[in-house]
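Encoded as structure tokens, the following chain is the form predicted alone, with no partner shown.
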Amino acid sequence: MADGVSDSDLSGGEESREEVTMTPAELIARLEQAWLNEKFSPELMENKSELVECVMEQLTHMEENLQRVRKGDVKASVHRMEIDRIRFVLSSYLRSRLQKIERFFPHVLEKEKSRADGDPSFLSPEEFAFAKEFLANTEVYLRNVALKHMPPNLQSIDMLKAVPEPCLDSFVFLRVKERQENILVEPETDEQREYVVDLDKGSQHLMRYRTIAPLVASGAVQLI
């Protein structure tokens, strides 16, 4: 991946799909978009394991190029800072995902298990294994520390009820990348009429996450 990466590598598309080659700069921009969305969304986003793999390959290539730069060359310091910046973004992205998995693990697993065939996966294979292990360890810990000392009728626990769900009604800041029309901000109730707005490209808003979650997933808006 010396010069770029194909879009089909990131989307997992069929061989018949037309390939669009991205430059390394476009690849890093896509990583930053996924990072910000993951960092500011209240729920776990669709996994980007192909993107992560491509970025790691790009980092390896950049490290190899750095070895060929003469010592003392100012370009070496600039390249090293860029490598460190990309590693920070990548680490922060993966750390944000793990924190959400630990916080909402039963709901994450339930959502992953209930998705229809063909729908995008929310967990990479490694994250799925981690979530299952975290669930099993939590159940063992609760059983050994507390549940076995309780009356028989209280020695079971429903993790889906015990662990809070992500709050999709929390408010998030966003920047519009593609103009959107007739976005339902608030549904009609007995107290108010429905509230519909148009989102102009480049505009910034503070809105309820549940309202714009599909737009975040499609890439029409960017969380900031």
Partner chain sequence: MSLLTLRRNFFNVHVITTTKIYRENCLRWYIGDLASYDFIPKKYRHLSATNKFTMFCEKAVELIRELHRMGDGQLPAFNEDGIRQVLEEMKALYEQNQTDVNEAKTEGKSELIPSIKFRHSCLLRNQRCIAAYLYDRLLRIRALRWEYGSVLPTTIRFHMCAEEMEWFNQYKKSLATYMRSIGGEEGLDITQDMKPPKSLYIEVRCLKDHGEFEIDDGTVILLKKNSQHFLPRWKCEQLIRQGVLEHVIS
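Computed from a prediction, not measured in an experiment: that's the story for all the values here. Residue numbers count along the first chain shown, from 1.
The protein also exists as the form predicted together with the partner chain; that form is not presented, and the subsequent description refers to it.
Contact check for residue 126: a non-hydrogen atom falls within 4.5 Å of the partner chain in the predicted complex. Under a 4.5 angstroms non-hydrogen atom cutoff, the partner chain in the predicted complex lacks residue 109 among its neighbouring residues.
Contact check for residue 36: every heavy atom lies farther than 4.5 Å from the partner chain in the predicted complex. Within this chain, residue 102 lines the site of the partner chain in the predicted complex, having a heavy atom no more than 4.5 Å away. Only one segment in the set 176-184, 45-53, 22-30, 195-203 has any non-hydrogen atom within 4.5 angstroms of the partner chain in the predicted complex, and it is 45-53. In the predicted complex, every residue of the candidate spot (81, 145 and 157) has a heavy atom lying within 4.5 Å of the partner chain. Using a 4.5 Å cut-off on any heavy atom, the residues of 116-145 that reach the partner chain in the predicted complex are, in sequence order, 126, 127, 130, 133, 134, 137, 138, 141, 142, 144, 145.
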